[in-house]
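Read the single chain below, which is given as structure tokens and is the form predicted alone.
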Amino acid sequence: MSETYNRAWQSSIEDPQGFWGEAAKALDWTTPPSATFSEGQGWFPGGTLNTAYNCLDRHVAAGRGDAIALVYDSPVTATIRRYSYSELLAETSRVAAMLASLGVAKGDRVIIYMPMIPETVFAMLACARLGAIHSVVFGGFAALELAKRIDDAGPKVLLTASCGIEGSRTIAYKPMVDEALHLAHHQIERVVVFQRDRLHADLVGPRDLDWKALRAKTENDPIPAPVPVASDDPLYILYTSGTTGTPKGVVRENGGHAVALAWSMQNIYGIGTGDTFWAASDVGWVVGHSYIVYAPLLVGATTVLFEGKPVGTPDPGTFWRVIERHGVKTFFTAPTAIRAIRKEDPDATFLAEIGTGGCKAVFLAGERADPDTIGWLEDKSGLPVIDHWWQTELGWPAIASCFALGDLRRKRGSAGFPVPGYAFEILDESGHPVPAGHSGAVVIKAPLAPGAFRTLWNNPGGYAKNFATFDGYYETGDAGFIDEEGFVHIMGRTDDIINVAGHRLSTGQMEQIVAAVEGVAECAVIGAEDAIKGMVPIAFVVPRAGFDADPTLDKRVIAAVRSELGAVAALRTAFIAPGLPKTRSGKILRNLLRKIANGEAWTVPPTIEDPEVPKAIEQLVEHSGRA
């Protein structure tokens, strides 16, 4: 075991006050905290600070104004733009002045419904500067889902753009905004639209304002000073899908968030002042909030904002070009992105030609990383590929190999070890710890580390449910196990444990086997209803390039699962599909696959990347007679 990691983790569990009190010194506080933790007030009570000031102003004041803060690389518009810390501060300040002219002040909410462009980053930081609470909604979300978020957050202003660019598609945002505002009960005072060259939006009446015109109008307005906010004041609300169909608004507090992210950059990812970090995600998701916008800037690093896809913009080499072009030191992406690249370029010819420059490590999160994908990328890149795990609720990694603490221990199929600040256990249905190697519910001992959520917006009861099942623990909703060496294995959501004729089986374990079969690019295994066995597993398999017409692939998949898990696994159906229904962040929509397999009614979710994929899968299932 890495002694540095071991000492850090032990210290964080045995003396959290001392550990996080020391970590908090990395920030500039307007008023230092009176304590490190209070049961009633959470982390760093009594402290005040401004997150945007810590991201921008203090670096400029320290003489680093000319250092590059933000690189915008957009292959879909053939644009590369760089912003120094001074320039990013100036742009953020001007947007803050725009918002202030519309009456936005501390505690007000602002919805940001925008694509991956620099103005989106300006807007998030401008809200933070004013002490306003931003809620980023992924550009392109369906109008009804946007309306739900408007009604829950009650924003004063909505910021949007005329369009987003998704691969080869141009998606008009303004019609969806207009429909959402028609559906919503809450009335927004102003809608500010950034007009992109690709598509211009129609502005309607006095409510709609042109971004560039408003900026010009407020050009001579005074720059708002950074507003000090309490450590437990909200920085943002980020909505996740709720089990009832009502989105859950995860609230992120300023103090714990800034401390945790700054610590994680230096101790997990090995990124400090002057380094370049790239998280190939979207600001609509928690990864984009934490590791595109806030964390890199908190430590004075350079962050990359990428508008494109891993394939098709223009080819499977685009990730490697960005890494090499901008000197990325640490790269963070989703396993789905790597599987997409591998599907298009199985021999990694683009990677061999372009290389990875000075990149030191690749981190994966967002979807379980199967061992085969990790092995392929490590073999082809020569870099350590580190799977790690966290959730929107937590805000930053909870399981990882802490690369910067000298801990490069990795086991394919595991997300690593508990990150300092997190104490994990695996419990059975009665709440008792299970032996090493046995599966159960993955829980984290309360209180959660700094940066994790402490409430849901307008929904304290919903928050309390996360701690109701197991007294003293946060229920992650995931199933998994901790092996004899201490590696934590996340096998999937607890509802992905299926009961086949009385036998409890993990679909995540089956996916691991299927993914290793030659010719499989990516896969999903779900539990479908069965009149005799209760449930049976069904696999959906996307073939790699060159295996599209392989008539043996489904049979080899079934045989592999039977060989490793035995006949009890009862996997007898493997559909060869053109793709899997996924969110834009790369998560496979297994609930949707379940509905299709069971012949239930389903609709195209607002989060989906390609609405044609589930329709194609439904045709496969209907043709088989399964539905």
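Numbers follow the displayed sequence, beginning with 1. In this text the structure is predicted, and so the values were computed from the model without any measurement.
In what follows, reference is made to the form predicted in complex with adenosine monophosphate, a form of this protein that is not presented.
- Residue contact with adenosine monophosphate in the predicted bound form: Q391 places a heavy atom within 4.5 Å of it.
- Contact check for G366: a non-hydrogen atom falls within 4.5 Å of adenosine monophosphate in the predicted bound form.
- Looking at K411, you'd find every heavy atom of it more than 4.5 angstroms from adenosine monophosphate in the predicted bound form.
- In the predicted bound form, adenosine monophosphate stays beyond 4.5 Å of every heavy atom belonging to I150.
- Exactly one listed residue, out of I490, I111, A301, V362, brings a non-hydrogen atom to within 4.5 Å of adenosine monophosphate in the predicted bound form: I490.
- This chain is displayed alone, yet in the predicted bound form one of E425, D478, E378, D554 has a heavy atom within 4.5 Å of adenosine monophosphate; that residue is D478.
- At a distance of at most 4.5 angstroms from adenosine monophosphate in the predicted bound form, all three residues T240, V286 and D387 contribute at least one non-hydrogen atom.
- Only one segment in the set 465-473, 367-375, 221-229, 186-194 has any non-hydrogen atom within 4.5 angstroms of adenosine monophosphate in the predicted bound form, and it is 367-375.
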